[in-house]
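Single chain ahead, written as structure tokens, the form predicted on its own.
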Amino acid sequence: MIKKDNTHSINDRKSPGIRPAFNRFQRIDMLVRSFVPMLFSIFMILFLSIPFDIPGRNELLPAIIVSSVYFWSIYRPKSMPAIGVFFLGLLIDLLNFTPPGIVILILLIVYGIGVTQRFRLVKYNFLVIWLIFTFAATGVFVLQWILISAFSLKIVPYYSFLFEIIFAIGIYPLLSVLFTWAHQTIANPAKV
């Protein structure tokens, strides 16, 4: 139904782009919320690099970080930028004495898969996203095994890489629940 008189008030119209100004604490809160994915990843790298007697610690670290990079590159790539992914890989390389650049490469490959396919992936249900992650994780960990074997000039036993694949595929659903909760609450800068 069309109104014949133009008695609309200013409040009836929606004005895109006009928002109240944020104060200093709200801006800091937004900044911290946007860094939650990176801070979680850095914390996990530092925690799992400490030489505790945790079984499978060396295989668990890449699985958690690859899962984190994959999830956040799909759902909030601004909170997990490519330069941040590069520094996560560099931190893992430095703390775990892996051949330089291999972890950086696999994390950037996973990031590239997530960012370039994010508009397609968000349309799918969790099982399809998990299946695609399964293929991506298997591919990057096989590539990691090939590159480490090439750097060491011998074929390295594949058992630890097989455990990395199994851990990554198995831990992704658990981390996905945690990351989805964080994505909707503490890591959401729009919740300020």
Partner chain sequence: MIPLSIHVKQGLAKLVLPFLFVMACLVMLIGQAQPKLVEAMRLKVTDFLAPGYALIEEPFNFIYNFAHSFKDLQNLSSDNKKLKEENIQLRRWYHVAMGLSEENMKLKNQLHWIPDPKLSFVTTRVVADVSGVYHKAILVVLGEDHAVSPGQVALDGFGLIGRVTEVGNRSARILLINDDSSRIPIRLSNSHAQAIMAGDNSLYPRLIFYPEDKHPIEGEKVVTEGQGDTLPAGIPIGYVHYLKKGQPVVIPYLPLDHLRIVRIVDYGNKEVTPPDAPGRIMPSNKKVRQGPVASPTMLEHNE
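Numbering follows the first chain given and starts at 1. Source: prediction; values computed, not measured.
This next part talks about the form predicted in complex with the partner chain, which is not shown.
Comment: 143-151 is the region of 27-35, 120-128, 66-74, 143-151 lying near the partner chain in the model of the complex, near meaning a non-hydrogen atom within 4.5 Å. Proximity of residue 132 to the partner chain in the model of the complex falls outside the 4.5 Å heavy atom cutoff. Contact check for residue 46: a heavy atom falls within 4.5 Å of the partner chain in the model of the complex. The closest non-hydrogen atom of residue 160 lies within 4.5 Å of the partner chain in the model of the complex. Although the partner is absent here, residue 102 sits close enough that one of its heavy atoms falls within 4.5 Å of the partner chain in the model of the complex. In sequence order, 82, 83, 86 are the residues of 68-89 having a heavy atom within 4.5 Å of the partner chain in the model of the complex; the partner itself is omitted from this view.
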